[in-house]
Structures are given as structure tokens and as C-alpha cells.
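There is one chain below, alone, in C-alpha cells, taken in the form predicted on its own.
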Amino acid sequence: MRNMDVHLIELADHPDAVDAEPFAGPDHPIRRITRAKAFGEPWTEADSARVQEVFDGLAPEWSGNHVEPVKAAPISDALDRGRVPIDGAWLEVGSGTGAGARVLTPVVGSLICSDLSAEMLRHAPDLAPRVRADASKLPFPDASFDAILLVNMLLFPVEIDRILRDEGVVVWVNTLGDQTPIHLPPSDVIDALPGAWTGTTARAGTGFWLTARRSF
């Protein structure tokens, strides 16, 4: 274990951690979009429509290619070592075709899956309630959840902060590490969330996880 700075602790790699094959390096166009939206660039109706169209088209392929154990490994390791509220109320934002739900449903207190893409939700297994929603304006009351999981997902920090309970945890996962197209490193997630946060991170499978909590 080592302190990356006063706000972020890096744990030892999981024994099964491996480097991802080169896929989407720092010049990938979605990187700029991911960072820009996390740090306040407006999310427009055109953005929403474009992303929905792309992921609706990807849904059939996604349901077969994005559920293998090596990609689920960071989620499982976060549950094991990230000091998360296992028995609490969970929300997965950008739940896709159910890779996260397959890991969470057997162990957490309750789970709701949300995604912008209707086709992604249609291809997901019936393991938890599924809600079609734009992550920039989620249809949930303030302080609704003890934990929020985001796997390879755009970050809308103000909205995540709004629906998370005071002692809640944000679980951020990039399943291909820094080769993930929709990628933010742990330090950027901590910086983007409103107010002061602390985090713990580690590598597992081909990716990494971060658990982030408010600092009081």
C-alpha cells in the first residue's frame, strides 16, 4: 500500500492483475469528451441522442463480448477490498448489458440498473430493476443510494453527488485500465467530484477500481 497523495491510497495489485492489450490510448477522441464532461462541459440533447444511437447499435455485440470474468475482476475486487456497503442500496449508472449486475446482484442489499440505451437494457439479464435514464439527470431523489457503480462510464459529478447518501461510496471501474476508451484515472475522478473526497484504488484483472468517499 502507498499514499499517492493525501486524498488517494493505492493498494497492491490483485494477484490476477495483468496489463490490458493496447486498445484506446491517450489520443482516443472519447478521452477528451470523457474528461470535458466530468469537468463541467455542458451535456446537450445532441450529445445524449448521439450516445444513445451508438450504444443501441452496439448492444447485441456487447451482450456477448463484455461479460467475461477478467473484465468483472475489478468489480469483484472492489467489493472485496474497497470497504463498500455490501448490504446497502446500490445503483449502477451506465449498466449496459449487465456485466455489473451479474457481480452485484448475488451479494448487495438492493440494486437498480440504469442506462441511456434502451437496447442495452433490453439485452441485459433480468437480475435487477432496469431504468432507462440520462445519467446527467437521473430520476431519483436526493440521497437515494449507499453506493453507485460506474463501469467504463461517463462521469456527471454533480448528479452522482446529489443522489449519493452522505456516507455513500462511488465505485469507479475502468475494465481495461488506461486503455479504456471512456477513461478517467482515479485522481481525476476525485478532483471532479464536488467538495472534498478521499479514495482507495487498485488494479485487478485488466483494469482498476476506485472507491471514493466524501471527506468530513
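All residue numbers are counted from 1 along the displayed sequence. Quick caveat, the model's predicted, so the values are computed rather than measured.
There is another form of this protein, the form predicted in complex with a small molecule, and it is not shown here; the text below is about that form.
Of the heavy atoms in residue 71, some are within 4.5 Å of the small molecule in the model of the complex. Within 4.5 Å of any heavy atom of the small molecule in the model of the complex lies no heavy atom of residue 82.
Among residues of the shown chain, residue 152 is one whose heavy atoms approach the small molecule to within 4.5 Å in the model of the complex. Although the partner is absent here, residue 51 sits close enough that one of its heavy atoms falls within 4.5 Å of the small molecule in the model of the complex. Considering the small molecule in the model of the complex, the lone stretch of 140-148, 82-90, 117-125, 104-112 in range is 117-125 [heavy atom distance within 4.5 Å].
Proximity of 135, 156 and 182 to the small molecule in the model of the complex is complete: all three residues have a non-hydrogen atom within 4.5 angstroms.
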